[in-house]
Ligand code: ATP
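A single chain comes next, written as C-alpha cells; it is the form predicted alone.
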C-alpha cells in the first residue's frame, strides 16, 4: 500500500433473525418474507486502504476463500457511484462463520459501502447507498443501519423497531452447510395461501412483543435435513434460552438468555461450537461506526 493511501480498520457485525416468515413467491422469483433483524457483537475484522489513481484496481486479501465475495462488488459500485477511480486494498479476517445465516458476507459488503466514501472524501446520499446495497444482496441494506428492524419484501424494505432491553445470547455454529436456495425450494413446496396468511398474522403478534410467537419457518425443512440442528435448539431451550431458533436458513442456532451468567453456563454445556454474544442496539451500532470512521 502506498504512503498516500488513507486507511481504516473496521468491525463488521453479524446479525440474527429474531423471527422469520416465508410467504408466497413474488413475480420477480423471490419469496416475500417478514423478518426481524438484530445485530450482535460477533464481528469480522476488515482493513481498507484507498488511494486516488487514474484507473481503478481492487484487491482483497481474505483468510477464508469466499467465491464471489461481495466486498469487491461493493467497492466497485460505490466508486462508480462517486465518480472516483483509485486503488482499493482490503484485508478480511473472518470471525463470522460462512454459510451460518449470520449475514457475515452482507455485513462485510455494507462496511465497504460505508467506509470507502469517507476514505475518498465524498458523501454518498443514504437513499443511493440503500439502492446500491439492495442490488448487492437482500441482507446488505440492514447493515447500513443495524440495531433491531423489521424487514419485508425481499428483506430490503426496512422499518426500525425500538431496541429491547440488553440481552445476552449464545450462538452455536456446528459447521454444517445449509443451501439457502434448496431451503427456499423445499419450503416453497409446502406453502399455501392459508399458511402465508397465518404466517403474516403470527409475525404481527411476534413483532408486538410476544416472544412465545417467534419462529423461523426454515426450521420446517432444515431440521428434517439436519436433525443435529434441531437437537442444538432443544439443548439451548433446556439451558433456559427463550427463544431458541435457527438464524436465517442456518446453520447457526441461537438462544437468548436473561443474563450473561446464564449464557456463559449454556456455552460451557454446549462445547466449542458455542459462543456468548450480546445484542447490539442501533445506538451502539451507530456509535461503533462513528468511532471507526472518525466522525
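Only a predicted model underlies this, so the values are computations on that prediction, with no experimental measurement involved. Numbering follows the first chain given and starts at 1.
Another form, the form predicted in complex with the named molecule, is not on view; read the next lines as being about it.
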Would you mind picking out the stretch of 150 to 158, 87 to 95, 190 to 198, 209 to 217 that comes within 4.5 angstroms of the named molecule in the predicted complex, counting non-hydrogen atoms?
87 to 95
According to a 4.5 angstroms non-hydrogen atom cut-off, is residue 41 in contact with the named molecule in the predicted complex?
no
Is residue 117 a contact residue for the named molecule in the predicted complex, using a 4.5 Å heavy atom cut-off?
no
Using a 4.5 Å heavy atom cut-off, state whether residue 173 contacts the named molecule in the predicted complex.
no
Just to confirm, residue 70 within 4.5 Å of the named molecule in the predicted complex by heavy atoms?
yes
Heavy atom within 4.5 Å of the named molecule in the predicted complex: which of 102, 183, 133, 111 fits that? Just give me the one.
102
Looking at 66, 36, 33, 49, which has any heavy atom no more than 4.5 Å from the named molecule in the predicted complex?
66
